[in-house]
Structures are given as structure tokens and as C-alpha cells.
Ligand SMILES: Nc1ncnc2c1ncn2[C@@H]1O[C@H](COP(=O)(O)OP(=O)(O)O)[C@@H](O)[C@H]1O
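First, one chain by itself in C-alpha cells, the form predicted alone.
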Amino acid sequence: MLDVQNLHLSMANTEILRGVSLKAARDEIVAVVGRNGAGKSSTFKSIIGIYKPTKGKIIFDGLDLTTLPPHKRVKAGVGYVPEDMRIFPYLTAKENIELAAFLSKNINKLDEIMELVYTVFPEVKSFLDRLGYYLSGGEKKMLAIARSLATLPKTVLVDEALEGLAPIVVDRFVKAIASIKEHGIGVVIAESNVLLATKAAERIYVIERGEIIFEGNASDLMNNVQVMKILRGA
């Protein structure tokens, strides 16, 4: 269980997050939805340890992660896929995955990792030996998620998991996210597009100006006129 409690974050004398609280169990897919600049990525970067919150706690499976460095959070079971994916361009897809397995001390479980990757994204087999530089946007996103799975996480955070994908590719990624959950790995996605988020998530948080303003399922969100107006910029 990921339990974020009253998270505050300030940068350059500007308050970015204001009391963000959310929970995500390992048997569900949760989305954090908000407009660009609302605080989605800042929340994820605070959870993984890239940003240092000014207040609040981050508890994961009973362990307080709040002051731990990022590598210890990964070791505790939190995976992270950044919005820009950060694929190593001059390593092959396979080498990108192997590097993540090596750095997380899971290289001895590489066969298990690759079996998991192929179950979630069988397409990866077709570009394993291709350099990251030559992968398409969709392939890079597959590889970024696959690389995160190489850390054998209990929960994975995927920033803008579906943004910029063609409709047919969105459906493919929604199925992949569901497959990750079926392997006992919790998934938390950040999305700007509310309609894409409702395709994948079972429970949704809406963040606006660094505050959580809604929690519920897709149907409740779509029927909430006030929150939908905010998301649409109306």
C-alpha cells in the first residue's frame, strides 16, 4: 500500500503541492489527473525522492520513505517511469533493461524479468537489439515501463502513461497496465487527459494547483460538473 499523507512541496519560494494525500493498493490501478502544471509530476517526483517535500509523509508497505534517497525507495519496491522516459539512446533495448536489473541488484533474476516484460509487452521482442535512439515514441514508452519492471517493483508510478499515443496504441497500453496489475504490481498513472485516465484507472484523484480536489471512480468524476469544468479549463 502506498500512502501519501499531507504532502507539501515548495520550490523557489513557491508552494507547488499543498496537502496532497492519496492511497494506492497493490491490487488496483489509480490515476492522478490534472491539467499541465497542476502538480502531477511533482507528486510523483516527491514519492520517488527526486524532490524533497517540506511537509508530510510517504509510507509504503509500512515503511516511511519520506527521507530515504531514491535508490532505497526503488529497493523498497517503488518503480518510476518519468514523463520523458529517459531511455539511454546508445544502448539497445535489451541493454536498457539489463542495466536497470543490474543497478537494482536483480541481474540474477533476468530470466524472470524478461518473462514478465514479454507477458506485458510481447512487442519488445521485436526491437530488443535496436538502439534506443531508433525506437518510435510508443516503443520508447514500452521500453521505459519494461525497464521499470526490471526493478521488480511492488508498485510502479507511470507519468503521462497514455499521453501522445494514437487511439489504437492507447488501447494496447491500457491492456498492458491491466496486465501489470494482474501480476500483483500496483499501478499509479499521472494523466492530463481525463478521458484517457478513465480508460485505465479504477480509482481517480484530481489535482488542481497542488491540491487534491476529487477522489472517486470514473463515473463519479464524469458526473461531477464542477470538477470536469476545471479539468477542461472552463
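None of the values given here were measured: they were computed from a predicted structure. So that there is no doubt, residue numbering starts at 1 and follows the sequence shown.
A second form of this protein, the form predicted in complex with this ligand, is not displayed here; the remarks below concern that form.
- Although the partner is absent here, residue 51 sits close enough that one of its heavy atoms falls within 4.5 Å of this ligand in the model of the complex.
- Mapping the unseen interface onto this chain, residue 225 falls outside it, with no heavy atom inside 4.5 Å of this ligand in the model of the complex.
- The closest heavy atom approach of residue 35 to this ligand in the model of the complex falls within 4.5 Å.
- Although the partner is absent here, residue 24 lies well away from this ligand in the model of the complex, with no heavy atom inside 4.5 Å.
- At a distance of at most 4.5 angstroms from this ligand in the model of the complex, all three residues 11, 16 and 40 contribute at least one non-hydrogen atom.
- Residues within 4.5 angstroms of this ligand in the model of the complex, judged by any non-hydrogen atom, belong to 41-49 and to none of the other stretches in 180-188, 41-49, 198-206, 56-64.
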